[in-house]
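In structure tokens, one chain follows: the form predicted alone.
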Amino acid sequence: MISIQHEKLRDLVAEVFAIAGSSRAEAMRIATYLVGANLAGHDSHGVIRVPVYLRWLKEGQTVRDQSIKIVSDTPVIAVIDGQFGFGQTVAPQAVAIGIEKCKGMGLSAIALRNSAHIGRVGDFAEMAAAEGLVSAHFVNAAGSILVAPFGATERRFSTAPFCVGIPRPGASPLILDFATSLVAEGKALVASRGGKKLPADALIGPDGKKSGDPHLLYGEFEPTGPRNHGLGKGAIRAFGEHKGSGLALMCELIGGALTGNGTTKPNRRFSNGMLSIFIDPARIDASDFFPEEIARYLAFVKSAKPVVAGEEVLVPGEPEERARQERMATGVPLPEDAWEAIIGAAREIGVSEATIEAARKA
């Protein structure tokens, strides 16, 4: 495991995407979001994605510096086509439209379709919370068939993320952000590159046996080589048995079918669909009861006796905030295989050794 100072890592990733053809603004935006995911402790959605993003660019699946297309527009609802632009470019635009509509009407819903990988969904809940808005996000990943429904061994779902954000005046927001699979695909990617191992029951094979071996998802691979989940014979399991499987189905139908992105199916171009709902609590809570009740209830929840003496009961958003503070101070930890894959991809498109070396220096 190595540690890279977050600003140097961001600058390296920005240089990678600038050389790959993105504008400097987009390259820095991609880098900021990816490194931001690492800082929040979500390594599965961080810089480990760099080689995958470059491959999608090369294959023409992702479009540089793409503009969004407004498919339909009302005072409360907008349907937005990302036209396969980088999610770090098109998703913030979609969310900004949702925030603007919500501030005007007190409520809004945005259907985003055909976005390239949008990264950590919690970023967009944080974006809404910074404006004082509650938000909920249903997401699917069409073309990414990874997860077996409860009671099955074959893949039918994407990892189908779900996210909710609640603002707190004077404090960090509450952010609940998770894949409806037992683990995100990116966690299998991290494990396959020498990072944190998967739980022993995260995956399921054709024979119904549970496993934590990433080879079940990717097939055979070299340590620093590409990963192709189409080569694996197994699937990721849904979290929470029938409950997670049911929520995954709803994310596919709301984030995929309702948005026009399309539900997950074989042999189609990857795209994220996201249905985002925004609520202005000030329009509902004229007496300003909401913030005080949040504070009271969180104190009650956190006062529960922990399972392990001396440990703390945490609420959504706290692990990310603590990881962010620690990693900004000490650096972003990366497995050696992950780092080699990133710099291998960087060298392949022409990033200089001096730039790579500058990122590695403490």
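Owing to the predicted nature of the structure, the values given are computational and were not obtained by experimental measurement. Each residue number is its position in the shown sequence, starting from 1.
Form predicted together with a small molecule: not shown, discussed below.
Asker: Just to confirm the contact call: exactly one of 94-102, 179-187, 207-215, 259-267 touches the small molecule in the predicted complex at a 4.5 Å heavy atom cutoff, so which is it?
Answerer: Flagged stretch: 179-187.
Asker: By the heavy atom within 4.5 Å rule, which residue out of L133, L203, A248, V121 makes contact with the small molecule in the predicted complex?
Answerer: By the 4.5 Å criterion, the partner-contacting residue is V121.
Asker: Pick from R155, R193, R227, H117: which residue has any heavy atom within 4.5 angstroms of the small molecule in the predicted complex?
Answerer: The residue from R155, R193, R227, H117 that makes the contact is H117.
Asker: Would you classify L314 as touching the small molecule in the predicted complex, given a 4.5 Å non-hydrogen atom cut-off?
Answerer: Yes, contact at 4.5 Å.
Asker: Applying a 4.5 Å heavy atom distance criterion, does A141 contact the small molecule in the predicted complex?
Answerer: The answer is yes: A141 has a heavy atom within 4.5 Å of the small molecule.
Asker: With a 4.5 Å heavy atom cut-off, would you call P161 a contact of the small molecule in the predicted complex?
Answerer: Although the small molecule is absent here, P161 would touch it in the predicted complex, with heavy atoms inside 4.5 Å.
Asker: Even though the small molecule is not shown here, does S276 get within 4.5 Å of it in the predicted complex, heavy atoms only?
Answerer: Outside the cut-off, so no.
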